[in-house]
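This document opens with one chain alone, in structure tokens, the form predicted on its own.
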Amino acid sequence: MAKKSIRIFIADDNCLLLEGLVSMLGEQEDFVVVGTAPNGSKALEQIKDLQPEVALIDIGMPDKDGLEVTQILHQDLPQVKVIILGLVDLTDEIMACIEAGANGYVLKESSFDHLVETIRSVHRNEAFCSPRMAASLFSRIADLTSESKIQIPVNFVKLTGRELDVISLIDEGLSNKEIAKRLFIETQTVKNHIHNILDKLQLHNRFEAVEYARERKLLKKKS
């Protein structure tokens, strides 16, 4: 009896990486790549039409980044399992992806075998990450548990961890370019985050966003 093919969609603005993934994943007997997209908006349009079972989403795409795409998919198409293709092995980055609704997180520098294993695990409804990432997550969960008595404003849930990172760096006086360098993302992605923050909070500029975060004690402590 033939294995059931796992329907996969890939979104990444790196054409070489995208083509390579399509080719290599297509060689797996239980995988079929049903579509690709170079940015977040096109990814959302095609995923809604193609209804893949697993979506590989680059975290740093133009237009709509991976976190925003994941949030929308989690809300509108929760049956689609999302694996974020990330650039950094940082707890805050992974936590932001989980908060957005991701089912897995794979570094782009990981091996192809690791990606294949992650896809199959996530398809089986098993959230998957490396042992090192798991250790970071347990540490972060322990920190959150110890802080659970702190009253968190309702409006906090409207902002992702990455959006709070951006606001905190604006508060430090960093420009969009400097923020991008600090977070290992594109300058356009920073602009997208700021646009999303202002839209969510119905504010007019980045300085109002900082003031909003200060008043609600949402800013991350400066090191």
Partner chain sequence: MSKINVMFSSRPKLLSEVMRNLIERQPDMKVVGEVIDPIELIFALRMTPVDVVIITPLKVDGVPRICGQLFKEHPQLRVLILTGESEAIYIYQMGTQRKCIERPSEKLILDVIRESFYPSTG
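Owing to the predicted nature of the structure, the values given are computational and were not obtained by experimental measurement. Residue numbers count along the first chain shown, from 1.
There is another form of this protein, the form predicted in complex with its partner chain, and it is not shown here; the text below is about that form.
In the predicted bound form, none of the heavy atoms of residue 90 sits within 4.5 Å of a heavy atom of its partner chain. Its partner chain is not shown here, and in the predicted bound form it never comes within 4.5 Å of any heavy atom of residue 201. Residue contact check for residue 209: none of its heavy atoms lie within 4.5 Å of its partner chain in the predicted bound form. Interface membership of residue 110, defined by any non-hydrogen atom within 4.5 Å of its partner chain in the predicted bound form, is confirmed. Residues of just one listed stretch (63-71, 23-31, 164-172, 181-189) have heavy atoms within 4.5 Å of its partner chain in the predicted bound form: 23-31. Interface residue among 122, 80, 95, 115 relative to its partner chain in the predicted bound form, by the heavy atom within 4.5 Å criterion: 115.
Contact annotation for 57-73: a single residue, 58, has a non-hydrogen atom within 4.5 angstroms of its partner chain in the predicted bound form.
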